[in-house]
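Below you will find one chain, with nothing else, as structure tokens; this is the form predicted alone, and questions on how it binds or moves follow later.
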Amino acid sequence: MEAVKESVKLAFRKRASDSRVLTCAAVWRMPKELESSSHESPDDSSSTAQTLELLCHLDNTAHGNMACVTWEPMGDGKKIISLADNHILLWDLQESSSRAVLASSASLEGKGQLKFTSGRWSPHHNCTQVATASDTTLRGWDTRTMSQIYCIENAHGQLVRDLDFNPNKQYYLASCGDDCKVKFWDTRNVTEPVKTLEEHSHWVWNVRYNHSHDQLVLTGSSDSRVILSNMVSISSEPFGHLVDDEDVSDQEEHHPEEKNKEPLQDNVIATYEEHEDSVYAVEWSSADPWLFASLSYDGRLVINRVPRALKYHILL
């Protein structure tokens, strides 16, 4: 399930269709008492279970199993991208989100049974770009034309599981996969990754940038570990302060003392081993940039914080 602005949510479910079982998606509305705009926490001891209101289904019957659904990061919350088998579908929510209209689509073409495994909507470029993963390949799409804008073949040695965009650097993308690696890409030059992490010993299921401090990167793996890394050298603050991609050359001209200054060193901040089974999801809090959660196959949900010493080092 993935939240969006105000009180509308997406959820996956399975349903039977012509003797087939399809993974589908639907749009639901949360009760007003639980809307994110409310600053008061409900009293768990007296509250009763609330019922979600079903607004509409994303009808993917003709396109196959739904693998991923993602909201447009900005705007009015009326656009959704879904990935179903080898199809990428752009939906418009109409009439107070009570109806989803398929606005445009595109398909993977090639040998074999190509299927999407994951996708993310970029918060940059006026939200006109989406990145997808299929097998070992990463692709970028322009949502205005649903055409491919870049392709990273053999991005990983095995299946790509997840990807995420750097919230502060518009061309930077992270990916992870079954080759136990996490890779960081500059989509302007995709011949090779700008950085590779090899800290996990089994499939890496999730990679997430911190929403505010993009040097902080979370990964979760089937090795039952969550790793918090400090990727400061390829962040928006490689020297301890904000640096824009386009300003690097100007900075060298006007601040020659920083031309020879080495970026801060990348390192693993902490390895969390509270889980006893495969970690399938990691996520940063949308309210507290120093708080994150991880979820494993056995249903264990663990909440952790960025170490206080690092927090103050970043802030001060």
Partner chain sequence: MAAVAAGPSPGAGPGDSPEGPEAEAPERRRKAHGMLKLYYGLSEGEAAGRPAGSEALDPTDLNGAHFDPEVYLDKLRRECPLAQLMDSETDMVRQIRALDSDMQTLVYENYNKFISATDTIRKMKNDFRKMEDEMDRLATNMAVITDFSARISATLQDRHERITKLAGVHALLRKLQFLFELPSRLTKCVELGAYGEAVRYQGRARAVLQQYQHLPSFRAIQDDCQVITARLAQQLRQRFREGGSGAPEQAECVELLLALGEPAEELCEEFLAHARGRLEEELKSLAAELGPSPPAPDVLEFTDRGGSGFVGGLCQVATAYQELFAAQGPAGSEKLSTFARELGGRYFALVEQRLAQEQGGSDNSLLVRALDRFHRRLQAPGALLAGARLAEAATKIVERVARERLGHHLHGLQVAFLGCLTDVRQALAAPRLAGKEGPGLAELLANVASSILSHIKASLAAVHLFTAKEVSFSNKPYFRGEFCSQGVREGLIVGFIRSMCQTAQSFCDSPGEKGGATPPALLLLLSRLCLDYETATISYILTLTDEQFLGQDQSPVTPVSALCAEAREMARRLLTHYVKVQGLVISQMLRKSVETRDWLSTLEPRNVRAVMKRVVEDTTAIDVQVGLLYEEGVRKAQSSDSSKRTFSVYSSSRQQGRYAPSYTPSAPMDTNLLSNIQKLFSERIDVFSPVEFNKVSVLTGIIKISLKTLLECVRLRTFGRFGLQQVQVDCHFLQLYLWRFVADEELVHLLLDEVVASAALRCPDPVPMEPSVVEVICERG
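Residue numbers count along the first chain shown, from 1. Since this is a predicted model, take the numbers as computed values, not measurements.
The same protein also has a form predicted in complex with its partner chain, omitted here; what follows describes it.
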Honest question, do Gln158, Ser224 and Tyr297 all end up within 4.5 Å of its partner chain in the predicted complex by heavy atom distance? yes
Could you spot which one of Asp186, Glu237, Asp85, Asp178 gets a heavy atom to within 4.5 Å of its partner chain in the predicted complex? Asp178
Which of these residues, Gln170, Ser233, Thr136, Gln148, gets a heavy atom within 4.5 Å of its partner chain in the predicted complex? Thr136
Work out which of the listed stretches, 210-218, 119-127, 224-232, 189-197, brings a heavy atom within 4.5 angstroms of its partner chain in the predicted complex. 224-232
Taking heavy atoms and a 4.5 Å cut-off, does Lys79 contact its partner chain in the predicted complex? no
Can any non-hydrogen atom of Val21 be found within 4.5 angstroms of its partner chain in the predicted complex? yes
Answer yes if any heavy atom of Trp290 is within 4.5 Å of a heavy atom of its partner chain in the predicted complex; otherwise answer no. no
Would Trp205 count as touching its partner chain in the predicted complex under a 4.5 Å heavy atom rule? yes
Sequence-ordered list of residues in 278-297 near its partner chain in the predicted complex, where near means a heavy atom within 4.5 Å: Ser278, Tyr280, Tyr297
